[in-house]
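Take a look at this one chain, the form predicted alone, written out in structure tokens.
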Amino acid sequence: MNALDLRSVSKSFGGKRVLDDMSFSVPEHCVFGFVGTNGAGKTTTMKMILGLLKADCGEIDVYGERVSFGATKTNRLIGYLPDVPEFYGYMRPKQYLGLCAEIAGLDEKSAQPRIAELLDLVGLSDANRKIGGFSRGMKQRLGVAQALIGDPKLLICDEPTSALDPVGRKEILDILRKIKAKTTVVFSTHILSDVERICDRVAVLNKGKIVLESAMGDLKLQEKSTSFTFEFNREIATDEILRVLRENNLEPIKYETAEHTIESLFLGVAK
């Protein structure tokens, strides 16, 4: 069964066509990457899925139920993480998730174990200070927890890793990968390495149209080069492997450092 279906969806703003006859489907229990440059229409698409924007034409179904503009009933099936989640800075994580649970209609007896489970999932079990003092990465992880509080069948994340350092990105991606057994995940991004890392399927949006939709495995088979990802927890290890690679004429395409922690090193090797 598909978690999400969009058929011939179009949207214009002020006479400018932003989405043009867009169609794609998201199978249940997968991580689906929605890829496009900034301004490509990814956020517009997500707002239409949530019933916050009205499509000019076309149909959107969530688990077979039609999305309607306004107070759509399909949102009971959806958890949503916006690109910049907002919080009450004076609250602590348990207080904030307690408020979210109340809004979601959970009674206190079922809310408390759910809150504990989610804080453990996102690595914030021991974070008992006020949210206002959280780093961007901690806030993003708390945002994932609030999006999951109602045990949604579909989780929609808008650019969840865009402003994070490599370590923060890895933490978010690891969480999204863990939850796909219970929750279908759709996340938008312009970071291709994030898509390659965790996605089962991908759709590429360009000039308002889906120009590619494919299983990740099929897409990799079409590649003309082989790539590897190495992860280290000490900078000295990266310096050593860079030296060895360069001695063998294998120059890395990209490597990233967050303080003294190396998150990843990417290299392409021609076949």
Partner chain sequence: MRQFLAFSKKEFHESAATFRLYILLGLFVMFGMMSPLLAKLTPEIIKSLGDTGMMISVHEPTSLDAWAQFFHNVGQMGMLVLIIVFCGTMSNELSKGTLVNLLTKGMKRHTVIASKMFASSVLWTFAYLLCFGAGFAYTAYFWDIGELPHALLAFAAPWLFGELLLATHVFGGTLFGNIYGSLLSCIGAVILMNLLSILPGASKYNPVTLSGGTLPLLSGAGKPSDFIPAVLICAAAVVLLTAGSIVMFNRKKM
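What you see is a predicted model, and the numbers here were worked out from it, not measured in a lab. Residue numbers count along the first chain shown, from 1.
As for the form predicted in complex with its partner chain, it is not shown, yet the points below apply to it.
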Heavy atom within 4.5 Å of its partner chain in the model of the complex - the one residue of Gly33, Gly51, Gly36, Gly208 that qualifies: Gly51
Heavy atom within 4.5 Å of its partner chain in the model of the complex: which of Ser125, Asn75, Ser162, Ser193? Asn75
Leu99, Ala104 and Asp107 - do all three of these have some heavy atom no more than 4.5 Å from its partner chain in the model of the complex? yes
Within 4.5 Å of its partner chain in the model of the complex, heavy atom basis, the matching stretch of 112-120, 194-202, 169-177, 90-98 is 90-98
Is there a heavy atom of Met138 no more than 4.5 Å from a heavy atom of its partner chain in the model of the complex? no
Lys47 near its partner chain in the model of the complex, any heavy atom under 4.5 Å? yes
With a 4.5 Å heavy atom cut-off, would you call Thr183 a contact of its partner chain in the model of the complex? no
Looking at the partner-bound form in the model of the complex, is Ile131 within 4.5 Å of its partner chain by any heavy atom? no
Judged by heavy atom distances of 4.5 Å or less, which residues of 130-145 approach its partner chain in the model of the complex? none
